[in-house]
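Presented below, as structure tokens, is a lone chain in the form predicted on its own.
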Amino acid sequence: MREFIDGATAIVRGALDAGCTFFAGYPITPASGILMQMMRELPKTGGVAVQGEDEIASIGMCIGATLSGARSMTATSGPGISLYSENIGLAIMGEVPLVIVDVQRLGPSTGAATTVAQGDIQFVRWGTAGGYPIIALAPSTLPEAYHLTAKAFQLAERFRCPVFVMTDKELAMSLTTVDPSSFVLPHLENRPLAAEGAPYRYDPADQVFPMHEYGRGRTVRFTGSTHDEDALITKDTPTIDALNRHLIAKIEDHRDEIEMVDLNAEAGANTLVVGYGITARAVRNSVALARQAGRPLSSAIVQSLWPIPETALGKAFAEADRIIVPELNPGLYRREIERIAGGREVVGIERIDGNLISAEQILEVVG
């Protein structure tokens, strides 16, 4: 059996199968399909879906629902991420598991609401004060949209942090024929809960400790300010240092659990094409066309954008002299590849006119 569905449907199914029990969002093209489907489907499983009065209220409701025991998700586009920024920082500081779907569209500002782009790649990483790490995943197909949405819930719970699913207008809104059996659910576990003790712990720095459910049992404080392990605001220098190093180490020291790169290497290929999201489809097609023509070409499809999967990409770079990075923005991820490429030539293919990059364009650059 095959189905004719869009990416929004795959994302919603992934969230529901991962145990999502709360959703809040505000209508914004091209993410509105997720909101509408969650409002229709989530109550059927006993969950709650809310159309907030705006983006700020929507993500705030998700944070509150998570603290009271829900598995929460919200969905928006670039302008909404701008409004989410303060509450994303709150979720980072308060160590709140939360899934945020960003259905990217052409910017800046309101830009073009029904036009594809990949312009929020750096935005979600650096869009809050302090520069503390987040996790961001990027599906390129409907099965990946399903799997990586569910994976986002697993990672959010594991690391107690916001996790982004970076999709785009084309993937979310385009209808595609798909085999439902290709939707693979990752391993999921129930949220570990603490029954006693302080709500936060910073030693060892890289460890993630069980969270308390707010409103049940002992009184638990919550604050976005710098705080000690009891969530009391503090100016104690060693405590501040321990808190902030913990927020970094709990993600950076566990990159091996987060990194996901689909490497398709070919012996004798000295050119590697690195892609992600919707552009990865053209990357895969370019590799297939090159090999049909007897030209060796390798590819690396990045599914975990942040933290940068340096170990996995380093293996992909080992046989390459030249790296090509096609993306629908002004080279936002290319600069990250340049940083870790070890002096190899890095060539960008950037398109910011609202059209997709084709396999033929990639092959023109491959030469």
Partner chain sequence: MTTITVLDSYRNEKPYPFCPGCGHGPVLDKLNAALVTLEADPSEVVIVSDIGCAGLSDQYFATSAFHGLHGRSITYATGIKLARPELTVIVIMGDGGTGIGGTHLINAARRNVGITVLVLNNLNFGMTGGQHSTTTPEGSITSTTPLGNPEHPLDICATVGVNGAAYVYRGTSFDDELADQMVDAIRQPGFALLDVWDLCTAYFVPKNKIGKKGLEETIGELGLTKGVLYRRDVPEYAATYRDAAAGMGERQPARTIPVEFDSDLDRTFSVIVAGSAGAKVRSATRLYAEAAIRSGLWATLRGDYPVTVKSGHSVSSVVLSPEETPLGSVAAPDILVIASADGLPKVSGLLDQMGPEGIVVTIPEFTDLETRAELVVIDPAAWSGRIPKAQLALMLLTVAAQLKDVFALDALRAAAAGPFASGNLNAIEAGVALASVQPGRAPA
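Quick caveat, the model's predicted, so the values are computed rather than measured. Positions refer to the first chain, counted from 1.
Below, we refer to the form predicted together with the partner chain, which is not included among the displayed structures.
- Item | the partner chain in the model of the complex: contacting segment from 149 to 157, 164 to 172, 203 to 211, 266 to 274, heavy atom within 4.5 Å | This holds for exactly one stretch, 164 to 172.
- Flag this candidate site as yes only if L106, P296 and S304 all have a heavy atom within 4.5 Å of the partner chain in the model of the complex; otherwise mark no. Not a single residue of the candidate spot has a heavy atom within 4.5 Å of the partner chain in the model of the complex.
- Consider G215 of the chain shown here, and say whether it contacts the partner chain in the model of the complex, taking contact as heavy atoms within 4.5 Å. It does: once the partner chain is placed as it appears in the model of the complex, G215 has a heavy atom within 4.5 Å of it.
- Task: State yes or no: in the model of the complex, is some non-hydrogen atom of F123 no more than 4.5 angstroms from a non-hydrogen atom of the partner chain?
- Result: No.
- Is L232 close to the partner chain in the model of the complex, meaning a heavy atom pair under 4.5 Å apart or at it? Close contact exists here: in the model of the complex, L232 approaches the partner chain to within 4.5 Å, heavy atoms only.
- Query: Do E364 and the partner chain share at least one heavy atom pair within 4.5 Å in the model of the complex?
  - Reply: Contact with the partner chain, no.
- Task: Scan 1 to 27 and note down the residues that get a heavy atom within 4.5 Å of the partner chain in the model of the complex; none is a fine answer too.
- Result: The stretch touches the partner through M1, R2, E3, F4, R13, L16, D17, F22.
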